[in-house]
Structure formats: structure tokens, C-alpha cells
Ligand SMILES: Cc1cc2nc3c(=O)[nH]c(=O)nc-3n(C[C@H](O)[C@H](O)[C@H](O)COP(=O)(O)OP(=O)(O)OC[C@H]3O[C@@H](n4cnc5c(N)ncnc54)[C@H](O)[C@@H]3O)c2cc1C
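One chain follows as C-alpha cells, the form predicted on its own.
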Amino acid sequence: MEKEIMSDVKKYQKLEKLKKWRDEVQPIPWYFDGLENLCDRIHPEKQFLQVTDIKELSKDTKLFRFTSAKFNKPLAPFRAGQYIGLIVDINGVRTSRPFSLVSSPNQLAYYELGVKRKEIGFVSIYLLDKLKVGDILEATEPLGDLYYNRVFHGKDLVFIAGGSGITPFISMLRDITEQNLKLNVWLFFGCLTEDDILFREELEDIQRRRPNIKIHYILSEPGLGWDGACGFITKEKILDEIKSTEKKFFYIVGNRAMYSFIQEQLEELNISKSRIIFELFGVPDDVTEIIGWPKDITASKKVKITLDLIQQGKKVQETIEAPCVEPLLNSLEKEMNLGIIINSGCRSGACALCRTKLKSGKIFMLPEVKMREIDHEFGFIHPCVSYPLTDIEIEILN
């Protein structure tokens, strides 16, 4: 009997020790990289960025440096070539625009974005004229597919940039240089004038230190003192430098007109589409000039948009009027009194953050946009690149 009692006492003492050990375990701190915190670190739902520096790159382009506005929320990591969607509130209109990250992915103390003024733009003008050091903006996580993939892209890379399209390539070149990656790179940088060559000092420094990186400037409106290449980035100029297209992978970043021209040049060089990656197209200045736009619909036509919303827990319907030639998302963002917030990042139909259900009516979607099969099946659209051709009804759940 005494033996059994002692056995029970020992079991009790053992359980007490185990309970004490459990109670002494400290709670997991916020900075511990458990799986949940790691996921939030890599793919944050949103980021808050504070402007710390503004630098003038040219007469119409500025470089903005941002740090995290929250001390316990470090900036999300990214791949060189990716972008973030910068969210701004301009006179009550909440909207976003994508900007390529210029900074190196090998440091996350800050992000840098290069912003060029777009004369008929909305956000770029605000950023260049109004944004100041100390301002805080909301942003998406890093997004986009324009980055080096060592499995599929090989070791011979051709970068083709037009104007401010140089920004993602600066990040990629910094990454390649800092890691001393054994890659051969040819950069073709097309600009209007010599004054428009952004990051020229840095590019020439990289070329001096890294013989595997070759920089070629091509000016379409050269001055009298320019003795470099002139005109456009043609197949002849490309082939003259890279010698052979075999095993080369092409990255193209610029405006819509440049994309059409470069695509034709690469097709004539018999380069497979699987060896070409374009940065996001964005929306055109005049959608009526895009192939496939109905000829009977003019820029002056307006339609009614019926919105199925949830307000204060109840389903309600609202109707607004919008022009056919404006992206649906832009029209919705202007309806400040309805308090509509639709997440967006790329403004090009790629990130799918703004996907919205189309219940009835007809829209025009830009032809280069690739929709997922499941979105087609269940009637979802990307309002950032969708234009209402008739009266439509959409469902907004967020």
C-alpha cells in the first residue's frame, strides 16, 4: 500500500513539474517568425510607407524614398523587377497606381520609386507636385512577374527600356551587380533626348565595373553634340549588339506604342513569345483607338451602372452614370458619397485584386488582358481594364 502511495506521489510531482514548465513558457513575441508571422511579413495585406527623401532625376521625373511608417512592420521583401501599388487620397478620391521598385532587393531599409509626370495623369501630378517628406501613404505588397527566373530565363538577358521604363531594370542591375551574378546583360535604353537618360551615372559606373553588363543608349530626338545611336530600338540595332538571338531572354518595359513596335521587331527576329516578357501595359490614353473597340460607340456616350452593395449590413442598390471611355474602376472611385473601396494594385488586369462580379450588361476589356478561366465561368471582370459599353449591373462585396 505504501509503495502504491509513493508511486502516486511521484506521478503527481512529475505532473506538477510539467505544469510548472508549461506555465513558465513565454508567449511568442510579435517579431518571432512563426509561419503566420512569416506569411504576413512576405505578403502583408497592406503596408504604410513614409516619405524620407525626394530627389529630382530630370525635369519631369522624381525619385521617392520610403521607409516603413510602423516600427514593428518591416518592409515586405521583393524580387528585383517587381512593383507596388501606391494608394493615395486626392481630394477625397481614393485610388492607386503601380510603380516599379528602383531600390535593390538586397536591402529592405527603404523602397525607392521613380515617378514620371504624365500630363493627362491624375496620380503622378499629385505625387510630383504635392507629396513631401514626412507624408504617409498606403501601399500593396510587392507584385508582378517581371523578374529573373534562373530556371527558365537562362544566363543571357536582353533588357529593353523606354523612358521611365528603366526603373525596374535599375533594381535588377543593382541585384545582379551586388551579388556578382554570372549573367550576360545587354540593356537597350531608348529616350527622347540626352537629358532624359535617367540614372546615367549609375549605369555607366555599373558598365565600368561589370564587363558582363553592356549599356546602349538610343535617342529619338538627339541634340547636336550626341554621337551615339539615334532613332528607335530596331531589330538591326539589337542584333548588331547581341550578335545572335539564340538562348537570349527578352524583358521589355515602356509605353503601349513602344510595345507594339518592339513586338514587331522581335517577331521579325523569329523570337518565340516564351522568351519574351512584357511589363504591365496599363490603360490607353484613348481606348477608342484600341483594336476591337466598337466603332458605333463614341467618346461622349454615357451609361448607367447599377451597384449591388452591402451598407450597414443590408443589401442595397445604387445607380451612377459613367462614360464608356473611362475604366470602370476609375468611375467607381469617383463616387465618394457611396464609400466604395475596391482593392487594386496593377491597374492592368494582372493582379486580380479588383475582380468584381458582372451580373448583367456588356463591357469592353483590353485585348491583352488574360483572365482566369474560373473568372470567365462565374462572370467576374477586372474593372481597372473594363469599359462599360451598355448599362450594366455589378456586385461589390468588399
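Don't overthink the numbering: it's just position in the shown sequence, from 1. Nothing here was measured: the structure is a model prediction, and the numbers come from that model.
What comes next is about the form predicted in complex with the named molecule, which is not displayed.
S.K.: Quick one: is G282 in contact with the named molecule in the predicted complex, heavy atoms, 4.5 Å cut-off?
M.R.: Yes, G282 sits close enough to the named molecule in the predicted complex that at least one of its heavy atoms falls within 4.5 Å.
S.K.: Flag R65 as yes or no: does it have a non-hydrogen atom within 4.5 angstroms of any non-hydrogen atom of the named molecule in the predicted complex?
M.R.: R65: no contact with the named molecule in the predicted complex.
S.K.: Quick one: is P142 in contact with the named molecule in the predicted complex, heavy atoms, 4.5 Å cut-off?
M.R.: Judged by the heavy-atom cut-off of 4.5 Å, P142 is well away from the named molecule in the predicted complex.
S.K.: Should V123 be classed as touching the named molecule in the predicted complex when contacts are defined as heavy atoms within 4.5 Å?
M.R.: Result yes; V123 sits at the interface with the named molecule in the predicted complex.
S.K.: Quick one: of R79, R174, K116, K237, which gets a non-hydrogen atom within 4.5 angstroms of the named molecule in the predicted complex?
M.R.: Contact check passes for K116.
S.K.: Among the candidate stretches 322-330, 130-138, 153-161, 307-315, which one is within 4.5 Å of the named molecule in the predicted complex when only heavy atoms are counted?
M.R.: After filtering at 4.5 Å, what remains is 322-330.
S.K.: In sequence order, which positions of 71-98 have a non-hydrogen atom within 4.5 Å of the named molecule in the predicted complex?
M.R.: Those in contact are Y83, V93, R97, P98.
S.K.: Is the CA-CA spacing of F281 and L57 tighter or wider in the predicted complex than here, given a 3 Å or more change?
M.R.: They are closer; the C-alpha distance drops by 3 Å or more in the predicted complex.
S.K.: Please check whether, in the predicted complex, the CA atoms of F281 and K370 lie closer or farther apart than here, given a change of 3 Å or more.
M.R.: Their C-alpha distance grows by at least 3 Å in the predicted complex.
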